[in-house]
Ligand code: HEM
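The data below hold one chain only, encoded as structure tokens and taken in the form predicted alone.
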């Protein structure tokens, strides 16, 4: 829940942040990847970056979460947070990476909104971010524990045993493990991420 200090500030500034959230998201990603190009290697879907889906996903989730905090704080969007958490766990995201996102997202908010971001406004939206980030971190910790894995051990190598062309645009890959690690059963809504080297070496 937002503090009594932050709540009226977020409520008052939510419309202007909502109007500019797409641009904020675009500036955020550009700034973050310029500073940390290593994050493009195996962590972010480059197709989603190119067509804007990633920016739209971030914009929608931050705006929606802030809206829930203001309008229905006792009914936060668990379905939204669960979907994001499943995706994060499928990529082996670590809690400390929230700090990187925070740094560049707050920079983008100031960059887009300029002087409108007073210390009071910055502190209020900082609170929104960390409420959301900590809820995600806690959900993700539970998911890692449920499959007895960690961000460092979530990835493993598989061998493609069979490729089946189901239709013109659907292919099934049958894979088999290359080590003795137990194969965990899939969870409802679980993402399966595949990381492979592209022609440019990324």
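Nothing here was measured: the structure is a model prediction, and the numbers come from that model. Numbering follows the first chain given and starts at 1.
Another form exists, predicted together with the ligand; not displayed. Remarks below refer to it.
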Heavy atom of each of 149, 177 and 186 within 4.5 Å of the ligand in the predicted bound form: no
Of 122, 101, 76, 113, the one that lies within 4.5 Å of the ligand in the predicted bound form (heavy atoms): 101
Single option in 64, 143, 43, 70 placed near the ligand in the predicted bound form, where near means a heavy atom within 4.5 Å: 43
Touches the ligand in the predicted bound form: residue 91 (any heavy atom, 4.5 Å): yes
Residue 133, heavy atom within 4.5 angstroms of the ligand in the predicted bound form: yes
4.5 Å heavy atom contact, residue 129 to the ligand in the predicted bound form: yes
Residue 57, heavy atom within 4.5 angstroms of the ligand in the predicted bound form: yes
